[in-house]
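This document opens with one chain alone, in structure tokens, the form predicted on its own.
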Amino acid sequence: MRRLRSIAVVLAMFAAGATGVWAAGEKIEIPDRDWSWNGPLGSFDRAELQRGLQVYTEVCASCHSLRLLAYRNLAALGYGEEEIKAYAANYEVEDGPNDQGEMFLRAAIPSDRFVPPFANEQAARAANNGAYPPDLSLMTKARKNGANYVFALLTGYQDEPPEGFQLMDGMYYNKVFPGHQIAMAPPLFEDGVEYADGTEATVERMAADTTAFLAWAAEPELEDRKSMGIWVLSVLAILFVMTVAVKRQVWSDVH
């Protein structure tokens, strides 16, 4: 897999950190989307997840971390061992101490967790005008209707606020963000990435791919859990049929 480049963008926070409050009695409707993983038989689209990883790497990773995800987890997206090693090697992690008792930097390996973009919270805030970009590992679970909200947020920017709306300096108008003022600049633009599989990189496509990837990152065991649930229900159904059959056989002489 080719080395993915990082593109610096001015980001702040998805779920918090923007000033502004809800208008009195305001209720923002978040449209529902038919995600591939919805429902008891739903599953993730591997091509979509790989595109989402690319958008995260090129757009989001310069400010947002994925602390709960390890590089080896990318095998679930369809990547081979060598591809994962090559991807991880783009980043450095602190290790040690060595024989001299000193810490040192080395290339990341598959067992390492995703390397965060900043060394600590203070460094992150200093680079983002005081805002702290949240970790995205559980972003789709952090809010009710999480996947739909993330997609709506990524596609909800407007170049100009509605007439009469007072937008504060350094803020951006987003129609679904509480208060409609968000410190995160619009991260997605038409053809903002060049997809490795040749897919047209529209804002909606990139938003959907990113949302799918973050949904998987939040629940990488989702498909296994669904498979286990189906297996358990199948076993229970068989046991129920067998129980009914045995009951009828036992009580057949009584009738």
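All residue numbers refer to positions in the sequence shown, first residue = 1. On a predicted model such as this, the values are computed, not experimentally measured, just so you know.
Form predicted together with a small molecule: not shown, discussed below.
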{"property": "Partner contact for Ser62 in the predicted bound form: the small molecule, 4.5 angstroms, heavy atom", "result": "yes"}
{"property": "Touches the small molecule in the predicted bound form: Leu49 (any heavy atom, 4.5 Å)", "result": "no"}
{"property": "Arg143, heavy atom within 4.5 angstroms of the small molecule in the predicted bound form", "result": "yes"}
{"property": "Non-hydrogen atom contact Val203 with the small molecule in the predicted bound form at 4.5 angstroms", "result": "no"}
{"property": "Residue stretch of 149 to 157, 91 to 99, 76 to 84, 106 to 114 approaching the small molecule in the predicted bound form, non-hydrogen atom distance within 4.5 Å", "result": "149 to 157"}
{"property": "Triple contact flag Pro133, Ala183 and Leu188 to the small molecule in the predicted bound form, non-hydrogen atom at 4.5 angstroms", "result": "yes"}
